[in-house]
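Presented below, as structure tokens, is a lone chain in the form predicted on its own.
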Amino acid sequence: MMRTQRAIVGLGLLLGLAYRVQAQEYPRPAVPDLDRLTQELFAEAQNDQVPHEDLYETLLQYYQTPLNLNVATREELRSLLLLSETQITNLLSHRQRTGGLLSLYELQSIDGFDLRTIYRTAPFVTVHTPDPNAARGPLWQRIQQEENNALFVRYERGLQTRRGYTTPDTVRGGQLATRYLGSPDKLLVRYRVSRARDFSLGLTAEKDAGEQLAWSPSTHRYGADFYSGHFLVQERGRLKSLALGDYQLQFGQGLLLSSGLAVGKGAETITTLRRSSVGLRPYSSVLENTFFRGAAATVAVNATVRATAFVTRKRVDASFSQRQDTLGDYSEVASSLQLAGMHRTPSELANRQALRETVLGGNLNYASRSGDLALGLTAINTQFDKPLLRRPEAYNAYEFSGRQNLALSAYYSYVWHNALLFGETARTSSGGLGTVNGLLASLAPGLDVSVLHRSYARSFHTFYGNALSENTRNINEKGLYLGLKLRPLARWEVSAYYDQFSFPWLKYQVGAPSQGHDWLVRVTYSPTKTSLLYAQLRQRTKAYDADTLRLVPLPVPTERRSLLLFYDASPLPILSLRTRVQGTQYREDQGPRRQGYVLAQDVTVSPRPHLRFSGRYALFDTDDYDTRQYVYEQDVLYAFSVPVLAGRGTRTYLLTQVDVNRHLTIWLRYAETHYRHQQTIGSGLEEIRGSRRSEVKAQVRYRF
């Protein structure tokens, strides 16, 4: 009876919208609200290890080249992380039953698609009938005519002088103290044009603050510190993808190859748990170590089997030392890989591109015609030109050492009624095994659950893996994750997870095997289609070495408990208000509880269609750095800002966007943090004398 009523309502909506559908398409927002979406996906930023550049880049790729819902595969729909398995199944069934969608408005007639889902998904999908790529013209014409063909230029600078830019002092031995070699200016130039299932072309050049603009072929420096470029074509008969230059790969559950939109444990407790096997994708981010550089191709062996081969060679940052390697010979070895991508001082420059890495690999993927069953095999061989040998610390006893690492994996994914089973198991040259297996299921129309078990041996070594874990890498960890999402009433949603984890071997700052747990509960209420209110409670218990002078490290449990209240509303079409209150309690073992909080109010005003102002005023107060607060801020397009707030003070920013004409858009941003009762800010070369830290940022986009 209920299904019949829904069908009638859906048919009514469809018929009622029929004339409208013929007349207009759903208006996609000119600027996607990535900050709000990011906050909905992530539970809370608790450190600066989250690859926000990669996340924003992936979301913007989806925005610039939206998925065509009439041809998107099940795996492509999963990769959005915004649709449940039931919603995807219902959409595919609807498409098979009635043909392609006529408009995004038609999503309202599909079972399981509520307004919140449609509004969240709309910026990243589209509806085309027929496929716009069915009749292609010359490639150069398609590039020239593409709407997102644009050049970005960005400038950024801190206004207060940091210690690294001052005249160096004389230190012991008469040597001068280290200082930054370059100017405090940060520059970025980016050109990008792409079309979904057709092509992608991009070039990026970046200079970080403190780095030099230098021309030195002997040290591989050619002006800017970092360059990235790619050219990718898709859907040329059996050739499904061909990438030259920089690219990224994601297969299986990301044990060996994972890049792009990997959220991990967050407020979205169901759809983000599983990695999407999206294969070959272009790369245009500014993260300097998380991509491949070379060539890759995917071909269709037949209608259900695809094969991918890739080769990459690039230089990576590493620190070196003279020591005895595993073969008993004294030689220079790399003691660690440097992932920060900063080359501001002589020592950082000495590590720049010091290690050559060559990677060869392939993947074979089978997907049934219905898309319900997927199987795959992946092989990746990594070769370094110098041996890698970690420092002789106990926690490094099982880390990778040597020149070569061969890793093999097998993965699966199967849809059975309203349940999705998935997993991947891999083995590396050391004999270490890694395995991750999970289940997503819709137990009722308003109830979804998820389960994921993971086990990564202490000798499991992967350099480009990023499966779900508590650690930043998939090594030395076992865990069980349980997730739930409940929609008891219209406009209400409850999401929660509990994750139990253990580390069988030692870790950095943890001198013994340890364990912990992490849980979250978020209650969300959407009073209207333009407003959102949620409350979130999260607690993480994890062991670290006690801060004592004991000869033997003693790990003790530390507890971090945080509360977040968030309200987003648009009382007027030109006005948006966003309020955030968050607080944290931190406790080590039986010690005293320390606290920190932040209160932030955002206002966005669009008095004219071509003009937009956004601003924030925030108060923060923390007892120490352990109770520091991370708060998302709005930024210029393609950039992100999640400053860390510790101490007492205020944080403000103002962002202006002006669309001068259909070709030219300008962003200007000023942000300032004012600390109370502090004479200096930061430490080391980033130290500022004074109580204010402010920065300016300007960006220009020219659409061709």
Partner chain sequence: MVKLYAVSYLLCLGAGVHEAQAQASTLGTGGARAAGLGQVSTVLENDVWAATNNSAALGVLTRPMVGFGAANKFLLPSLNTASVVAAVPLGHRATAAGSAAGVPAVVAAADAPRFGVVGVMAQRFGGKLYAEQALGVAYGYQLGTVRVGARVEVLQTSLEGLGSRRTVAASLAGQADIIPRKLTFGATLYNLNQARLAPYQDERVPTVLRAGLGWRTSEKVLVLVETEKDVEQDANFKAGLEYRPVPVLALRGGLATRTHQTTGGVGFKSGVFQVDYAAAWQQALGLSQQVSIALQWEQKQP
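Residue numbers count along the first chain shown, from 1. Since the model is a prediction, treat every value here as computed from it, not as a measurement.
What comes next is about the form predicted in complex with its partner chain, which does not appear here.
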In the model of the complex, does every one of Y525, G649 and H677 come within 4.5 Å of its partner chain, counting any heavy atom? yes
(Q) Taking its partner chain as it sits in the model of the complex, is Y414 near enough to touch it, meaning that at least one heavy atom pair lies within 4.5 angstroms? (A) no
Quick one: is D621 in contact with its partner chain in the model of the complex, heavy atoms, 4.5 Å cut-off? yes
query: Might L533 be said to contact its partner chain in the model of the complex, defining contact as any heavy atom within 4.5 Å?
result: yes
Is T579 close enough to touch its partner chain in the model of the complex, meaning at least one heavy atom pair within 4.5 Å? yes
Only one of 191-199, 525-533, 511-519, 271-279 has residues with a heavy atom within 4.5 Å of its partner chain in the model of the complex, and that stretch is 525-533
Residue within 4.5 Å of its partner chain in the model of the complex by heavy atom, from F501, Y366, Y395, Y567, is Y567
Interface check vs its partner chain in the model of the complex: of G431, P168, P571, G223, the one with a heavy atom inside 4.5 Å is P571
